[in-house]
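The chain that follows stands alone, in the form predicted alone, written as structure tokens.
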Amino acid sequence: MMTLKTCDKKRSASGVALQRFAAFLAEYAALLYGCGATSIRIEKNAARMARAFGINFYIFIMPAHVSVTVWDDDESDAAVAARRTAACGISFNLNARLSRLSWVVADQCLSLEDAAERFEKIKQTKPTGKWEVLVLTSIANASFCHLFGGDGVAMIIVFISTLVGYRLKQIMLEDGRDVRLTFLCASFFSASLSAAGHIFNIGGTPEIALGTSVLYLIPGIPYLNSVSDVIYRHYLCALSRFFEAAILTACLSAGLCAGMLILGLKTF
């Protein structure tokens, strides 16, 4: 477990330097929020670096933007910076790298220049290959089908329906389509394909195949983050994340119901 080390020489800043500190911390926090970090993690990571820089620090986190205020010890000078939260999508890799940066800054007493240089390199982190994610997501969803009691045929059906639905999701998001429409369409296609078990009487658990075919679309991270934000009293962020997740869940449910309705499936 890493421990926070106090820098031997306390660093201070004023004027333009304070503005640079504020801008760096605001951009860092905005990216951390965008890649799926909880509000309390953002607070702790940014505060850890601020202490290492030798400045006083306050952060105000909102769903659409992050505002950072820094000031010196005698409160004779202060600076404020605000940044829009990044729309980069949830990334555990980016989240971990950004958190690690805060510890490196604190433990090694990095200067702002060194921290900013490392931050720029982290921003260039490439996402996991889309084909790897596509295949692994399909395998994971097929495993969920088995976990809920689906047989081998149901697992194959879920794998194929997830493969098609998730690929459609990737194409639509790359094309800049609305995420809500994307979830609805991906759910519809996955549900329609997974209904093959019912229509052609394939396998012994077609209802499980249909029910688990859209599980890959469940926005679990926003739900979990909203609970964390409630616990640590970030109520606006909690409500924003919860309603966003609830809307996406409603969209995927609508796509599932539409597929069942069109194919004439009344019940599971």
Partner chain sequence: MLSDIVINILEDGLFAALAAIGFSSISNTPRRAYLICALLAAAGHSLRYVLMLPDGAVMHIIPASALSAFAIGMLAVLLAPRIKCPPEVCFFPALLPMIPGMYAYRTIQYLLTTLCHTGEEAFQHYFYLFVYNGLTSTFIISGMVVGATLPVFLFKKLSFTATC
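Since the structure is predicted, the reported quantities are computational estimates derived from the model, not experimental observations. Numbering follows the first chain given and starts at 1.
What comes next is about the form predicted in complex with its partner chain, which does not appear here.
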Heavy atom distance at most 4.5 Å to its partner chain in the predicted bound form, all of F92, S99 and V214: yes
Is M155 a contact residue for its partner chain in the predicted bound form, using a 4.5 Å heavy atom cut-off? yes
Original post:
Is S228 close enough to touch its partner chain in the predicted bound form, meaning at least one heavy atom pair within 4.5 Å?
Top reply: yes
4.5 Å heavy atom contact, T38 and its partner chain in the predicted bound form
yes
Original post:
Should R233 be counted as a contact of its partner chain in the predicted bound form, where contact means heavy atoms within 4.5 Å?
Top reply: no
Answer among 130 to 138, 67 to 75, 193 to 201, 113 to 121 for heavy atoms within 4.5 Å of its partner chain in the predicted bound form: the stretch 130 to 138
Residues in 146 to 166 that come within 4.5 Å of its partner chain in the predicted bound form by at least one heavy atom, in order, are H146, L147, F148, M155, Y166
